[in-house]
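In structure tokens, one chain follows: the form predicted alone.
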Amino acid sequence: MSNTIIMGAVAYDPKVVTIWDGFKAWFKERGLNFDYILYENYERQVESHFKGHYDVAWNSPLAWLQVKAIAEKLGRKAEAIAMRDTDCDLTSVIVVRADSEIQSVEDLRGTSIGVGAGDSPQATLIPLVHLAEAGLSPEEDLRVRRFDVLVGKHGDHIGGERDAAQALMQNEVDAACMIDGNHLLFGREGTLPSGATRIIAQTGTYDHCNFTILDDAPKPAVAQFRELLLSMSYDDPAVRPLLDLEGLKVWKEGRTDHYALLERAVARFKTIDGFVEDVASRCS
């Protein structure tokens, strides 16, 4: 097979091996030589991309912004070529206990709020910028308790969100932040019993992960990779279990105009500035 492409991804859960091994076999049957490298954290993955260790990255939204910023400093171009249907138009919520006197964002002034890992877009950065833009400065107007589970995985592991939810139920914090899907999940699993919480704020919409390439990616292989991704059918019995594990029903074309909320968050909190400068200097 002439076309070869290597992907970089973060090993946030043991299931990623099953997912990418399955994709590897599926791609091979269709003439694409695909392989992958797993990283312990997104920062190592992002730097390795600029060092040419692989061709396409499966990036978190924060990693996408890191790649984009580093590329701009180096005079290069980054492009998002595909994403899941479930990566589009998400929101995060801020919840309180049902019996809480807190009714609005303003009522959070002087209280405590539980968030996920410090590098989680959905459970920390986006909810906190939502509060900041509503007039409540994190750490100044309210106390922020971070549940730093698996920092470096950018919130892909939902343990931090679950810990924040549990802290809310145990009266250790007055409110908690989480992605809307996990709010529903925590209700189903009993972490947040039915009727035990109220949503007092919901963020604007944003997108999540994407496949990212740089301008030196092998064009024929990338084109075939993207074409095959977009052709995957949930009706295909060989593909459906893999799509279920990866949490989607259809791959969609990549878009980058729905990262504005996260961009405002990292700009306000200077989340990635030091990392971007360091990697750009090492890869220049």
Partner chain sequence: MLLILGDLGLNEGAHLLLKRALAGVAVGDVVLVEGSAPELAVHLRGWCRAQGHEFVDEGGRLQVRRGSAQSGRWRGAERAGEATKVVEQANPTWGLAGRSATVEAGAPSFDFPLRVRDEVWAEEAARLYAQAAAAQWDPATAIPWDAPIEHPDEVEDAVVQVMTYLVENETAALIIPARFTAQIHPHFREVMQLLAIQVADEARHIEVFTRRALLRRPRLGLSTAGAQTSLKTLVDEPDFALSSFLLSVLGEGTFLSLLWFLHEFAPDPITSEVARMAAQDEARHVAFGLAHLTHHIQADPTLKERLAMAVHRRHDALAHSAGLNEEVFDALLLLAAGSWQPDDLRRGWQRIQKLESDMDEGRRKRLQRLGFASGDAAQLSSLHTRNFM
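Positions refer to the first chain, counted from 1. All figures in this text were calculated on a predicted structure; none of them were measured in a lab.
Form predicted in complex with its partner chain: not shown, discussed below.
- The chain is drawn here without its partner chain; in the model of the complex, the stretch among 220 to 228, 243 to 251, 53 to 61, 66 to 74 whose residues come within 4.5 Å of it by any heavy atom is 243 to 251.
- Contact annotation for Val149: none of its heavy atoms lies within 4.5 Å of its partner chain in the model of the complex.
- Mapping the unseen interface onto this chain, Gly31 falls outside it, with no heavy atom inside 4.5 Å of its partner chain in the model of the complex.
- In the model of the complex, its partner chain lies farther than 4.5 Å from every heavy atom of Asp99.
- Looking at Asp235, you'd find a heavy atom of it within 4.5 angstroms of its partner chain in the model of the complex.
- Remark: all three candidate residues (Cys88, Asp180 and Ile199) come within 4.5 Å of its partner chain in the model of the complex, counting heavy atoms only.
- This chain appears without its partner; in the model of the complex, the one residue of Asn171, Gln103, Ser137, Ser194 with a heavy atom within 4.5 Å of its partner chain is Ser194.
- Contact annotation: of the candidates Val93, Leu108, Ala80, Val129, the single residue with a non-hydrogen atom within 4.5 angstroms of its partner chain in the model of the complex is Val93.
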